[in-house]
Ligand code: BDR
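Listed next as structure tokens is one chain, alone, in the form predicted alone.
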């Protein structure tokens, strides 16, 4: 059984990933930590509580502090054209949800949970890397206690999606992302190189609703606005970025990876760019030396990934 803390900014594709984690029989979702990104941290926390309530998820929700690693970067300009004004596809999520938030800030929740389960917890981070970076800052020793970190973010051999150089999750807090990538824990980066190949069509989503009950119906309602947005990029479907990171946890054999040190550019026209120095290449001494090698996904069995997502989302109980 995989113990997972899901660090998330719900978010439409985050919602699909959350339902995948909740329904997969080999996953024990032990916590949900919220971060800004697809909306403000107040909104993403409200959305996490809403999905927890609607889907009967037992895992506690811990709110992030909503600030970037560099205090000079202010998280603003939420992508309402992609995720809607409520962050969940404009389904009119209630303003308040009558469920408690864990009393600890998200980074402290991560520290406490990892220390209580040494060597067992996987962190799946699909928003800004802020919570993970703050956890490392407060307790660097957790790097040796985390089982692995799976990140949805970055773009290595393909263009970004927020600038030509950068993917949005990394671009939103590149300093935090560099802290996370260079820490002495095992990191797998599931970026645009592979996620852009995984499309959940409207037709397949309708088939999931037929078999997946009211939980799948809510997911479909949330997703329609997002599919409309993606209509300019893919045909009648949505790219399931965040779910790909969750699939990697249970089916890594569906991905091809490349090993090497990863750094994140902070500043300039390439702000937020992820760059890997492959282990197979040698360069003069530089900023990639003495940094742990991490895995970047470079290939994916996209149809098999989508099939696994569908199979999991329709699973009852």
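This one's a predicted model, so the numbers in the text were calculated from it and none came from an experiment. Residue numbers count along the first chain shown, from 1.
Below: the form predicted together with beta-D-ribofuranose (BDR), not depicted.
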Assert contact_stretch over 89-97, 210-218, 110-118, 165-173 against beta-D-ribofuranose (BDR) in the predicted bound form, heavy atom within 4.5 Å, equals 165-173
Contact at 68, 178 and 263 by beta-D-ribofuranose (BDR) in the predicted bound form, all three, heavy atom at most 4.5 Å: no
When the contact criterion is heavy atoms within 4.5 Å, does residue 38 count as touching beta-D-ribofuranose (BDR) in the predicted bound form? yes
Could you tell me if residue 246 has a non-hydrogen atom within 4.5 Å of beta-D-ribofuranose (BDR) in the predicted bound form? no
Though only this chain appears here, would residue 152 touch beta-D-ribofuranose (BDR) in the predicted bound form if you measure heavy atom gaps against 4.5 Å? yes
Considering non-hydrogen atoms and a 4.5 Å limit, does beta-D-ribofuranose (BDR) approach residue 126 in the predicted bound form? yes
198, 122, 182, 161 - the one with a heavy atom within 4.5 Å of beta-D-ribofuranose (BDR) in the predicted bound form: 161
Does anything in 6-21 come within 4.5 Å of beta-D-ribofuranose (BDR) in the predicted bound form by heavy atoms, and if so which residues, in order? 9, 13, 14
